[in-house]
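The structure tokens that follow cover one protein chain in two forms, given apart as structure 1 and structure 2.
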Structure 1
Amino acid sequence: MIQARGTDGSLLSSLPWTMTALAVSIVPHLPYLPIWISIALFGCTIWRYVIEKRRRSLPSVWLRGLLALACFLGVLVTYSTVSGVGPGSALLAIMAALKLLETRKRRDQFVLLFISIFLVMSALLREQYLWSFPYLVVSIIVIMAAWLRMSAAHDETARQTFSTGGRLLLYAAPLAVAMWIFFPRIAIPFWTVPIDTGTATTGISDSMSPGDVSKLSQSDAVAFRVKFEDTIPAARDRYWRGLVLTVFNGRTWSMNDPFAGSRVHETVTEKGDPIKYQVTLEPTHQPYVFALDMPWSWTLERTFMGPQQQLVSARPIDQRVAYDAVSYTGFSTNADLGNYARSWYQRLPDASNPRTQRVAKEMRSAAGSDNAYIEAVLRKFNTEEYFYTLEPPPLGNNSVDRFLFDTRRGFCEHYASAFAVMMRAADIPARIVLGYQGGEVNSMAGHLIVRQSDAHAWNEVWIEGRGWYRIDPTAAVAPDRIDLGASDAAFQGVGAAWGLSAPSQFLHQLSMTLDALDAKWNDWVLGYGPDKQNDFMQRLGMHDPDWQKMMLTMIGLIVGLIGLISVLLALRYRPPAKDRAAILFRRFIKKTGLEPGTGETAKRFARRAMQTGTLPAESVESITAAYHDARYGPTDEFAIARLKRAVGTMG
């Protein structure tokens, strides 16, 4: 039998609701979807509504099949895979759009609503921001309302539908909270979900060319937050160590493998008082872990210190992580570098940046010592016409030569690169450290916000008898950048000279409020892991909590909640109690020995009862009249009493 392709308009009332639910579920994915998928979603939605509105025919099976194949290949070409959150969400979204083109009945709409729920859940796999919870609640209510509209009465209003959907969600909320609190947490997820294959990520790269860090410095995104156990260090002491770059090819600095071995590994000796703090690091999809320079201990699992004192995780940071750390701002390293390590940190490519190398050798010869030479280079940056800017001119080949002698304008990576080359040209071991510097204190929450705009590059040079020593040449040119940090400097107005804009006091305060809320969300909700769950269970009186106890508690609590909700629903929807007149008339019916017919009135039943002759006709008439008065007349206790007396006299 050939299935009809035409539509009759029967879905016209419910189809817009289904389309709205689908649109709401796709909204978080739009920034990550290719533009062609967004256009296809919009086009299929309009196309399907026009078909239903004008009673047109749905696309043929062949056309839908070709469209499905083309879209599948499009996702495969765009992402080079169909697995992972990004490709999977894109494939699910485009298939939902194509499903609209074959929607004929209500059951097809049910499938679309199921897909909407999956799209909402898959958005949470990417990230669970503060706005994720209200979005989740709103989207589920919209989907539930669309579900209810498919069986709603014609006179039911949208307000009534949303009210019913919200009430059903409230019934389910206690069960969800109980499962979230008591379901045993694990430190490592069961599986790793690849996120958006092929898309760029925000964060510090493992190489540096002029202009790279300045791009990050224009981003206001949070890199990590820090909660200090004691006083927050001054901005000039807040250097957050990340990557160490040791290889220079004439333009780009890169790092060697952090697990290459111990041949260039130095021993760190702590000085002064320890600084204890907790870092909440945002996802970077990179293995690098940031800590206050110099890190001494840390709690992040499977994280190691590399050859140049950089912290590296054994797996990429694909999810927000929190870890405790201890650092010493005063430290020294092993004073014996070794011949191989020394040559490694002095290496420059042949014939690269010849003017810089020539001037460096001349300045070193005139200085007489390494320390004097270092001071001379910093004095050169400070006294000569060098400028700090986020929009430096392009450099091309021999970038250090062009920066030092021609453009004289740059950001921190320009100065760090030039300083390292000048040190190596004078046979002083040098390297570049990438990380963050400064940070903004959120007085409302008491933590430090380190943003991508705080990305920074500085140098370390080897001083005989002292070891590696931090030098920040940017401080010679733009001391406010170091004393305040990029965020505070921009807010206090000095950032205008660097191309940064300062927000108004109101917007700044609003930003701090939202950040404080976001931090609490991360701490209380997203940070609810095994340790916090165990602490909470102990506060509830559960001694030595393990997964068996928590599972049994959760099951018992859920069973109890289901029972309570069932009782509430039974009380809400219980049938109305029969009135006393109906109960008394039922006694009369039982005495007659007859069964009332469906829809039979009391008067007709009385006539049938009198025809049988089993009861006196006068009694039947009096009982029927008394029943009519008591049931349909004004509320009167005398009428009820008269009916009760008449039924009682029949024996």
Structure 2
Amino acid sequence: MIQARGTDGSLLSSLPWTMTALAVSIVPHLPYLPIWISIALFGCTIWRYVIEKRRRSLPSVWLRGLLALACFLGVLVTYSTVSGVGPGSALLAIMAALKLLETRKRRDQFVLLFISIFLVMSALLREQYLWSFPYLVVSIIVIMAAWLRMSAAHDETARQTFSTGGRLLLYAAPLAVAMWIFFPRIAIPFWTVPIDTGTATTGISDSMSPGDVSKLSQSDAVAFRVKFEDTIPAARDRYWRGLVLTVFNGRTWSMNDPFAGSRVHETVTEKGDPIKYQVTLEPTHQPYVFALDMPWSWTLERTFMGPQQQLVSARPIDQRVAYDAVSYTGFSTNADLGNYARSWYQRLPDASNPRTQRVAKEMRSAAGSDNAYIEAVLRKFNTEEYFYTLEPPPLGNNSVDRFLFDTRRGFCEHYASAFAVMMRAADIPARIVLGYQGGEVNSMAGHLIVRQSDAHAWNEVWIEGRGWYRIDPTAAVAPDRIDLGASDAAFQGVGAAWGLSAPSQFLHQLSMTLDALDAKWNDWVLGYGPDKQNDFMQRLGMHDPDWQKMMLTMIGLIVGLIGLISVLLALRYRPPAKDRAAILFRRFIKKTGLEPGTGETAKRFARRAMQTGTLPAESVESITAAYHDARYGPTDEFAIARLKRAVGTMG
């Protein structure tokens, strides 16, 4: 390029709109994009605007090609792949920014707006919150406005553009709703969204080291919501069983060797009344399924109960799922624990935590019986100086030793871990159950919210003649944690020390309302799958719904709706008001109560209006004169003002 060709500044008026649309569609991605992409986006936008403003020339083909290659490699390096939601949207965003640098014509702007729509949609692949929908509507309106803006007249105001865009969306809304309701949902999707491999799994993981659960307890995120058919059980009975950890390496508990337990058949005897409820589980990208201890039946497909009564799905929970379950809070487990299994549940690494092992053996021999020993250990936790805290000091390798004898500060995982080690050291079979405990009742919606901060670890020990039964050492240290729930306990403990108080009643009410809305939204909109659709179709009176019937209904509805909208539009159509003068004169016509004839000029109409004798002749004359000047004369703001005043005084 010998001579640089500057831009002609013709996009100066519409470019900010396109940029705004792009920005609005990128915002939901920003928290997930690497920082260099955000900076590049910002930089390209400013750069392009300056080019247009200063009439500079666009960067050359070589530079653009180089930048594109660099950005592609950048994404590849950052994510080490280019497929999946994360790298895909990163690539889309950075290429949109680069497209700005070669946006020369209106056609390029259209391409940019197309990309914006893609970006908005791809944000939904990542997350669908309650506020995602309003935000989606807003961003689509902004994109529509930018679109309309490119062909808008110069004097069109932003408000007019937005109202046109909103109106167009409103016309399309019934079609979208009809398609959403009737488009056949099938259990196996046509295509699967590539799950972001970079996304960390959330919630409880399949091993437990000191600090794991306390990290979780900082998170307010909802783990699952539960709707009980009858009354909600008391907090101390709400143990949500997740997974069972059996192997300890001195520091970390894990669930290695699935064969260990499977050789033993554990029988569960239910007592008391069944508790029926429905769980809506947020995606965890892990296979664990949570249910009230002890689950008896559940409706989630391809989910099985493990040998230690833990529920595991055959595929990771990548989407929000809802399932019905029945549990008995009263139960007993009878297991004829064989020698192999018994030794498995008693196993400890030889060299680890020597102090604990020694103390445990001493206490056991002092106690005389297993039961008395368990009592003694719990008493030790209760009466000695142990503190329940969310911020325990680091522990190092012999974590239990350090915790029991040195730091004496810990969270449920420390107590559960220490308790299990002490049991095993005394040859009592013990294991750790990970799950959630308690949960917050949303009285507004009548459901229970279980958050990540409710994550909990407790123990099960095996006593001859009694089987496995639950012992929660945390309850011995901090009974409030179990009786009140995690958040309240945290506020009364740590929070109070820092001078914080529990959230005000209003904020609490607000958060409960939002939670109720979110649950309904999840339930009815995001959770509208094959089953719900089937139910809904039957409620609409469709016998034996199948996809053909739904398709036919959908097509019929769409054709009908398009017809209806067209008829409504045709009925509503009025010749467009050319200018303000015409609108004002039409107001005058309305006030006279007369109907102007076809082809009757304003002058003749005014004469006819005056002949009725009911209207003041001079005001009719001044209106007519002003109208002619305003509408047919050269541009004259005064004439319009005169007309406005004259029509106004007519009353």
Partner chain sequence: MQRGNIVEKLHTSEEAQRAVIERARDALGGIILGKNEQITLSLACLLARGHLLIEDLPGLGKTMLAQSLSRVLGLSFQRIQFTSDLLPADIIGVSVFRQNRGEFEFQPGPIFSQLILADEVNRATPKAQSALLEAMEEQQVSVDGTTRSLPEPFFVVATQNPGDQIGTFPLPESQLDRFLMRIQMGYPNEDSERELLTGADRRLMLKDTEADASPEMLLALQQSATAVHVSDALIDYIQALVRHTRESADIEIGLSPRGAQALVAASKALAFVEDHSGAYPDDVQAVFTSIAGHRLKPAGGTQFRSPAELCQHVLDSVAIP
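Here, rigid core means the biggest group of C-alpha atoms that superpose within 1.5 Å across both forms. Numbering for residues begins at 1 and runs along the sequence of structure 1. Treat the numbers as computed from the prediction; the structure is a model and nothing was measured.
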property	result
Identity of the form predicted in complex with the partner chain among structures 1 and 2	2
Displaced residue check between structures 1 and 2: Leu643, CA, 2 Å or over, core reference	yes
